[in-house]
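In the block that follows, a single chain appears as structure tokens, in the form predicted alone.
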């Protein structure tokens, strides 16, 4: 269905609490209006931002209110006001559903809730941003200039979208209806209208030369678009092109082989080692650097362009003592404890963990982090528990999916006792209908640590368990 914009009446907004009003109006200020009536009057009062304090100290401070930060906050909620979460945004997004939003299969409203609805009310919510870390002194500085001291720190700041690193891209996103990106709440609602208006020609999908979150999403929307073009009767006049900076379609061979079959059967053109460097929307041209030929510039005309932007660790972390040479929070990959500061832990997209940056990975990490953080708080040793588990539901059509699950060694680590390397309606149903509820009602309540237990049960205790060393 096409996205719609509408007016939020004064009555609808007035029935909300002050901070919920801020969340709704915040959506409008960002040009995000689809589905807002579903937000109106539907959320109870929970976390309330803490009043400003010049200086404060907590037993545990969590920096970040995304998937990892909120899940850990829920687990630490018994600490009450000894725990604080630092998060500036009024809004919390369930980003894995944005593929379905961009594909016209879900409304945007299903992906967003006020932050106050997600953070536990028992802890302090500091609605500000961290601007400086001083782990040697166990404190950090807020955007307000106030300092927050801690005994233990959890870093869960997510990943930074660097749209501005591609010359002309922001201008194209703002002014060209044919350019979209499912990776931003500001641009995801452009994708399906661009698909609907596609007249034929080149539909180009990109993958950058940087680590990214939800790596499969860059090609999921390509499969949904290709299917839509066939349904709309314009596929014969279209070229569906995937320009990726990588040299493989997917990092795990089993699933890469399955995806290659999909690509070949649907006549999709893949250009490896092609990195998007600039967009000239007035000429409908995207320029790629061919990394296999000394970055020679190659122009592609487009009629629809879906961009996965370059990404990096948040700038504030890059400037801190917490990161490695690449700018990522430097953790032991099995314990999630910092390699230098023993009272610092981390999880999710901002970390050095050499696995896919997905919500499923965060779910597996948060339980292990909680266990090892608790052990450290009690003066006990941490335990190497994280095997790098990550999952990527690779949607290939409006009702089928390849459910990739794997570990640090890029070996399949599948939960279901069936072959997940084939397109199935079952796994699509899990992605589209089960996982969103699991996220909001279980993971965000601190009660989901990934599917490891279910995997053991479904495989009668014989599932593969990688050997880990601290």
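Note that the coordinates shown come from a computational prediction; the quantities given were computed from them, not determined experimentally. Numbering follows the first chain given and starts at 1.
As for the form predicted in complex with a small molecule, it is not shown, yet the points below apply to it.
Colleague: Just one of 387 to 395, 259 to 267, 292 to 300, 172 to 180 has residues with a heavy atom within 4.5 Å of the small molecule in the predicted complex, so point it out.
Modeller: One stretch meets the cut-off, namely 387 to 395.
Colleague: Please identify the residue among 341, 163, 94, 228 with any heavy atom within 4.5 Å of the small molecule in the predicted complex.
Modeller: Of 341, 163, 94, 228, the residue with a heavy atom within 4.5 Å of the small molecule in the predicted complex is 94.
Colleague: Identify which of 148, 84, 74, 360 has a heavy atom within 4.5 Å of the small molecule in the predicted complex; exactly one of them does.
Modeller: Looking at 148, 84, 74, 360 one by one, just 360 meets the 4.5 Å heavy-atom criterion.
Colleague: Within 4.5 Å of the small molecule in the predicted complex: all of 353, 369 and 373, by heavy atom?
Modeller: Spot residues vs the small molecule: no contact at all.
Colleague: Examine residue 410 and determine whether its closest non-hydrogen atom to the small molecule in the predicted complex is within 4.5 angstroms.
Modeller: Contact with the small molecule, no.
Colleague: Even though the small molecule is not shown here, does residue 403 get within 4.5 Å of it in the predicted complex, heavy atoms only?
Modeller: Heavy-atom contact with the small molecule at 4.5 Å: present for residue 403.
Colleague: Examine residue 446 and determine whether its closest non-hydrogen atom to the small molecule in the predicted complex is within 4.5 angstroms.
Modeller: Residue 446: no contact with the small molecule in the predicted complex.
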